[in-house]
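Before any questions on binding or motion, here is one chain by itself as structure tokens, the form predicted on its own.
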Amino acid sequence: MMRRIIIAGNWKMNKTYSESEEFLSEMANFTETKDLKNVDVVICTPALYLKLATGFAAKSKIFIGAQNVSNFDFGAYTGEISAPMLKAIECSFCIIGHSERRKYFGDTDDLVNAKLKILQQNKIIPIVCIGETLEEREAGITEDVVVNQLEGAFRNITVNNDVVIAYEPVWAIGTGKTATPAQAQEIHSLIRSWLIENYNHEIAENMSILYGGSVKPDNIRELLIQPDIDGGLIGGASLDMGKMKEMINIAVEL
């Protein structure tokens, strides 16, 4: 099985309803004209627009992802959105463990683990985010941080080609700084080796591992040609239709 290249846009808390509708319509039309080959295009919209987005996905080649999920199925959890709710509107992916969730909302490895389990139970593909801060990189503990996050997120988790990992060095998110292709590849290789050790060769070889952190048209090609980088979880550049089209075209051409 050949690993999928995933071009995933994380809109974060951006775009109005009308802006979202216009973007999704144009993206759906654009992908219909493309032979996407081994490339999956995923748009992770704010929760308010997910139903709108899955409507476009149903009649096009794009997939839709949520940006977060509750670790509870249902109940008195004001403001939360459950995995069964996402499943009911045919949401295909869901980001968990993003550094902004960890930093601003206190998401821990234990919580990421619980969210991963509940997404699997509802047949939604988790995009599990991991990555070190600038202080951790400068302290030379990047590998320890990444392995600890993997161990926490995947504790007692069975994997069967139904999970995506995104390595996002925190110091490169929204800063304009990007890990060099060699730096990114080094950690992606570490992640794949961890998967071999903790699961098996087949699972490790089939799992898509994305890079996130100021990915844009100028650097995506050099990232994607690395042997263990299978796509991008793209923030700011994913809000720009022209940049998204360019990055998808680059991925398809490889």
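Predicted model, so just to flag it, every value in this text is computed and none were measured. Don't overthink the numbering: it's just position in the shown sequence, from 1.
There is also a form predicted together with 2-phosphoglycolic acid (PGA); it is not shown, and the following applies to it.
Taking the partner from elsewhere, every residue among Ala172, Val215 and Gly235 has a non-hydrogen atom within 4.5 angstroms of 2-phosphoglycolic acid (PGA) in the model of the complex. Partner contacts here mean any heavy atom within 4.5 Å of 2-phosphoglycolic acid (PGA) in the model of the complex, and among 113 to 121, 179 to 187, 68 to 76, 92 to 100 they occur only in 92 to 100. For Lys15, no non-hydrogen atom is located within 4.5 Å of 2-phosphoglycolic acid (PGA) in the model of the complex, even though that partner is not displayed.
Of all the residues from 39 to 73, none has a non-hydrogen atom no more than 4.5 Å from 2-phosphoglycolic acid (PGA) in the model of the complex.
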